[in-house]
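There is one chain below, alone, in structure tokens, taken in the form predicted alone.
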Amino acid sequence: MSAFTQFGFGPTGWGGFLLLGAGVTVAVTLASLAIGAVLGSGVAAAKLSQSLALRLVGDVYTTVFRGVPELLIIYLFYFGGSSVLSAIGRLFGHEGFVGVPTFLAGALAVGIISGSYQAEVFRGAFQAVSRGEIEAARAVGMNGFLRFRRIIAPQVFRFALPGLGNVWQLSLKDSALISVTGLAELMRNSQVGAGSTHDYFGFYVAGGALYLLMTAVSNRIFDAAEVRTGKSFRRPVHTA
């Protein structure tokens, strides 16, 4: 079978199967980025708070989930979570294995890892916001919510964008580890195609090319977002 036929979209082609896997990869990465954004925002707020206990909780979270291997966390969520669910099921008379849905387990695991990196991105972005602007907003009578909505949030988002682009790339690559749970994402589908046809070189090259394509497209999206958000901020005035 020629490469064109093998990776095409005909009855015997694997092109649609690989693209479906790429779609699942993007979906699980988007879900994990959203989960990580929620967790990262909360952890960043904890690390910036005046409370020693909250700062300690934030430090422990970022230290643990940036220091433990990603694969171990995925195993913990899928296999560990399934064991807990099975034990709970037995308490209610259910016999047999109760598995955590693979998409949910993968999104949560990668999302929690992503949250530990996003927390540092958001913390650094907040610290880059001009204190003078916040004081000026307070001086004109803006309450806390208004200051956050009009002054802090737009600038934190703008300063965080480059870092969020890096976190997205990390999450995209981490999503390949979810293949150990059986989720039919791009890595898993590449393995299935390679095992079925014994063309390991061809399928892993094709999978790598699709990962690179997703990386290139997402880079362009983040670059465009940075340019767009940068237009709304005043350029520095240079004096002779």
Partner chain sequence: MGLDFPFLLDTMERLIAALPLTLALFALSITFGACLAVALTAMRVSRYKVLDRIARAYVFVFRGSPLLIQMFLVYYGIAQFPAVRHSIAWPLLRDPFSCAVISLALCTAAYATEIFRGGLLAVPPAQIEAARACGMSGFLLLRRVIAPIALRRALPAYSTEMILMVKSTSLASIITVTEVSGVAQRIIAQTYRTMEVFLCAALIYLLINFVLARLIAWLEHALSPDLRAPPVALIAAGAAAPIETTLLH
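Numbering follows the first chain given and starts at 1. Treat the numbers as computed from the prediction; the structure is a model and nothing was measured.
Not on display, but discussed next: the form predicted in complex with its partner chain.
Although the partner is absent here, Ala45 sits far enough away that none of its heavy atoms falls within 4.5 Å of its partner chain in the predicted complex.
The closest non-hydrogen atom of Phe79 lies within 4.5 Å of its partner chain in the predicted complex. Contact check for Tyr117: a heavy atom falls within 4.5 Å of its partner chain in the predicted complex.
Residue contact with its partner chain in the predicted complex: Leu33 places no heavy atom within 4.5 Å of it. Remark: none of the three candidate residues (Thr5, Phe9 and Thr102) comes within 4.5 Å of its partner chain in the predicted complex, counting heavy atoms only.
Here is the short version: of Leu212, Leu56, Val38, Ala27, the single residue with a heavy atom within 4.5 Å of its partner chain in the predicted complex is Leu212. With the partner omitted from this view, the residue of Leu71, Ile88, Ala136, Ala128 that lies near its partner chain in the predicted complex is Leu71 [heavy atom within 4.5 Å].
Along 180-218, residues Val180, Met187, Ser190, Gln191, His198, Asp199, Tyr200, Phe201, Tyr204, Val205, Gly207, Gly208, Tyr211, Leu212, Thr215, Ala216 each place a heavy atom within 4.5 Å of its partner chain in the predicted complex.
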